[in-house]
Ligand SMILES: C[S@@+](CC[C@H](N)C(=O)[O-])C[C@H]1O[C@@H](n2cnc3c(N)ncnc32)[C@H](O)[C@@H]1O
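Form predicted on its own, single chain, as structure tokens, below.
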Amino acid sequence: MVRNWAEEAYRDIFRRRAKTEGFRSRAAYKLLEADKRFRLIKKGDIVVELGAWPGGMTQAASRLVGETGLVIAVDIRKFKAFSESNIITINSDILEEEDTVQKILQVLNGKQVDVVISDASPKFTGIRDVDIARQIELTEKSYNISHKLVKKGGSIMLKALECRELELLEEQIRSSFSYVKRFIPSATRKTSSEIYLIGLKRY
């Protein structure tokens, strides 16, 4: 009981902060912390976020790229309109990776991007093996999409779950990026096995 209360209080710190600072979710702080540590995003960058709803991380990316940059937020769910002028939304199922890639490239007139972020999560069942399989599928699809979009020297940040199955995907990423790191943001729930795979400087 005490542990549950403490966990909830810890989570509320980020919820309250997000509300005060105008972010739609505390996920914004996961990206901001990752950017501070790994320097993922620069002013003027083109960033694609997969599984972006409700848009807290998208808003953080918007602030990082600045007025000269662009953020494309992709999700199967429809977004509430953003006030930020440098955000474009696309409704697409990232499990349909070819369709999603084509929609993004159409918006960009075929131009490649600097950073792909995936914050995509499945609907969890509570059955560990099923949930891991669903998350890994989303992570793999996100990586496949990023492989077709990220330019040389670009970066990725992909949500995943800590599991043995992740090692194969991590090896794939190492074959394309000069620096690969597992990262657990401070805003992640302490009871969660959620991690992010960071890939920097694509070959």
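Since we're looking at a predicted model, the values are computed, not measured. Numbering starts at 1 and runs along the sequence shown.
Here the subject shifts to the form predicted together with the named molecule, a form of this protein not shown in this document.
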{"query": "Segment that reaches the named molecule in the predicted complex - one of 53-61, 161-169, 36-44, 148-156, heavy atoms within 4.5 Å", "finding": "53-61"}
{"query": "Selected contact from 173, 138, 32, 70, since only one has a non-hydrogen atom within 4.5 angstroms of the named molecule in the predicted complex", "finding": "138"}
{"query": "Non-hydrogen atom within 4.5 Å of the named molecule in the predicted complex for each of 25, 76 and 94", "finding": "yes"}
{"query": "Residue 115: touches the named molecule in the predicted complex, heavy atom cutoff 4.5 angstroms", "finding": "no"}
{"query": "4.5 angstroms heavy atom contact with the named molecule in the predicted complex for residue 102", "finding": "no"}
{"query": "Those residues of 96-127 which, in the predicted complex, come within 4.5 Å of the named molecule by heavy atom", "finding": "119, 120, 121"}
